[in-house]
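The data below hold one chain only, encoded as structure tokens and taken in the form predicted alone.
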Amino acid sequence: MITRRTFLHGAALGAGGLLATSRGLAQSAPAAIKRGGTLRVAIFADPLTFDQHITGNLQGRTACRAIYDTLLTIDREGRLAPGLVESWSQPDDQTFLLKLRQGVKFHDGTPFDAAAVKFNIDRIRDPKLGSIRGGEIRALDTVEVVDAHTVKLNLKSAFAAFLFPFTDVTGCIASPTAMQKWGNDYGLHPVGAGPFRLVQYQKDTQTVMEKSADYWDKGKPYLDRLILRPIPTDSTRLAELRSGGVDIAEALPLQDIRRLRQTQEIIVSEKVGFRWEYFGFNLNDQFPGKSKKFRQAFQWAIDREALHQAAYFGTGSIGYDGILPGSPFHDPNYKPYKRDMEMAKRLIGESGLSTPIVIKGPLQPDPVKQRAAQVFQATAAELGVKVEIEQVDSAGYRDALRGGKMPMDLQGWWGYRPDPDQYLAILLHSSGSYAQYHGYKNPRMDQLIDAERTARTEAERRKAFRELSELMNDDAVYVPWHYSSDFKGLHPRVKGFFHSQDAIMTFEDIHLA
């Protein structure tokens, strides 16, 4: 028997058994909050684009989340909560009805409505756009406009956690009018319904946003202006924070965390279980990663403890799969590998590859990944494998990855998502964009991902995820090695900051003392 489920503010169970609660109805700010001012934020890299369906890096997602509001949100207890969608219901296991917030307008004055939602979702799914977000919602069959404020999502099969991607950039809704007007140039002319609007962009220098005077959540944002400054060097970001050049700095230097905790000049904020790290291989015939035994050798060869200390200075924890601590599907006792060079050398010998073995890996100027790549390079040399590291910028890395031209992914990591399906399906299912980039296809893996998606209980999903982890490690297209924390530094005058699990900053609640 099918039971109709409805999810209201603070009322009933949401998709996946999570409580759906509002992030807060519009209300007046407390008198103690000082309005106005400019918040300056040091980010690690340039956002590259403000097209919410194209952006990939953390900084682009941060910028987009300031410009656009999402259909759904995650509340501070980690539960699925309303955003531009006020409530939702499930008439059956393959249907979601979304009730939209009324009276919301985009920054260009056009209305946010069901037609706009359908336009955005259809755009994500259009293969001509090439959005990596399509893999997140591949379970979707059709989108229907029921009325101006109701959207019906029809799934191909039951999937209780289907709505979670709509809490991130997949759920960022833009003005259809603006997207049609600007076409391929839309990424530089974004129009959302979020708390800020873009007013200036200088690549690799700064992104300037101003508050939206017509923001639907009346009284917010408290700030007048937001400036994002890309500063790729850790020490420079920290120096800017300490000197007062910026008010928030992301990705604090890990080697300085212990010392910074002892000072009074800045506040160190940590969020554990932020991301998992891996070394990835391309399985296409022209690359060494085509050999399964070659890939498996690195499961035994890499020294996870050495990587933990060298790359992360002992922060975070060693990791053995792609399911982060804190997830109900994580197993803290799962530790299938220990360093065994004899085993690794035997696998290299059985790989069938001609010697000398040379593999190239593009690498961005991320100090953590630079340190990890050096350790990996030395380990590979012990196996008789030469790793050639190629320094690239964010755009060069993205192009190599998406073009399927990356022999090895030394940069590999995925940040926290409310449900691990949100990234594991992209990485491992044959229809997932990353699996296609790397030439990975395993029918059994597809079955396991389909099983966790259609499972009716958490126990059934856990069983599928644990088997999925075993198979991922055996196939070794991704060799996991670490779970990291996210560290941000704040000037004491910054108030109202919330450190989200996914490390994406939101700014509507921030004010300056």
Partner chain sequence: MATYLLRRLLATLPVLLLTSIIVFLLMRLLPGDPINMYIGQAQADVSEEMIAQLRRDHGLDQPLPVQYAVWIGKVLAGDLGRSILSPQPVLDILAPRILPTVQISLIAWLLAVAFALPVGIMSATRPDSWADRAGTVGALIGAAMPYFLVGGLLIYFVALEWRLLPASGFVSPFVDPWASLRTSLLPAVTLSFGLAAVIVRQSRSSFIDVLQQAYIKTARAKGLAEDKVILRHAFKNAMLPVVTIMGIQLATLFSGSIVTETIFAVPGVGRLLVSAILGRDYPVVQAVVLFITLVVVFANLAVDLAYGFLDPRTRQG
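Residue numbers count along the first chain shown, from 1. Remember, it's a predicted structure, so these values are computed and weren't measured experimentally.
In what follows, reference is made to the form predicted in complex with the partner chain, a form of this protein that is not presented.
Engineer: Since exactly one of G83, P253, G187, P111 fits, which has a heavy atom within 4.5 Å of the partner chain in the predicted bound form?
Structural biologist: Only one listed residue qualifies here, and that residue is G187.
Engineer: Of K218, R76, K203, K335, which residue is found within 4.5 angstroms of the partner chain in the predicted bound form when only non-hydrogen atoms are counted?
Structural biologist: Contact check passes for K203.
Engineer: Of 286-294, 208-216, 406-414, 83-91, which is the one stretch near the partner chain in the predicted bound form, taking non-hydrogen atoms within 4.5 angstroms as near?
Structural biologist: Looking at the partner contacts, the answer comes out as 406-414.
Engineer: Give a yes or no on whether each residue among A306, L471 and P480 has a heavy atom within 4.5 Å of the partner chain in the predicted bound form.
Structural biologist: No, because A306, L471 and P480 lack any heavy atom that approaches the partner chain to within 4.5 Å in the predicted bound form.
Engineer: I'd like to know if G316 sits close to the partner chain in the predicted bound form, meaning any non-hydrogen atom pair within 4.5 angstroms.
Structural biologist: It does not: once the partner chain is placed as it appears in the predicted bound form, G316 has no heavy atom within 4.5 Å of it.
Engineer: Please determine whether G56 contacts the partner chain in the predicted bound form, using a 4.5 Å cut-off between heavy atoms.
Structural biologist: Result yes; G56 sits at the interface with the partner chain in the predicted bound form.
Engineer: Residue-level contact is defined here as any heavy atom of the residue lying within 4.5 Å of the partner chain in the predicted bound form; does P328 satisfy this criterion?
Structural biologist: Residue-level check for P328: no, no contact with the partner chain.
Engineer: My question is simply whether D399 lines the interface with the partner chain in the predicted bound form - judged by any non-hydrogen atom within 4.5 Å.
Structural biologist: The answer is yes: D399 has a heavy atom within 4.5 Å of the partner chain.
Engineer: Where, within 224-249, is there a heavy atom within 4.5 Å of the partner chain in the predicted bound form? Residue list please.
Structural biologist: Counting only heavy atoms within 4.5 Å of the partner chain in the predicted bound form, the contacting residues of 224-249 are R229, P230, I231, P232, T233, T236, A239, E240, R242, S243.
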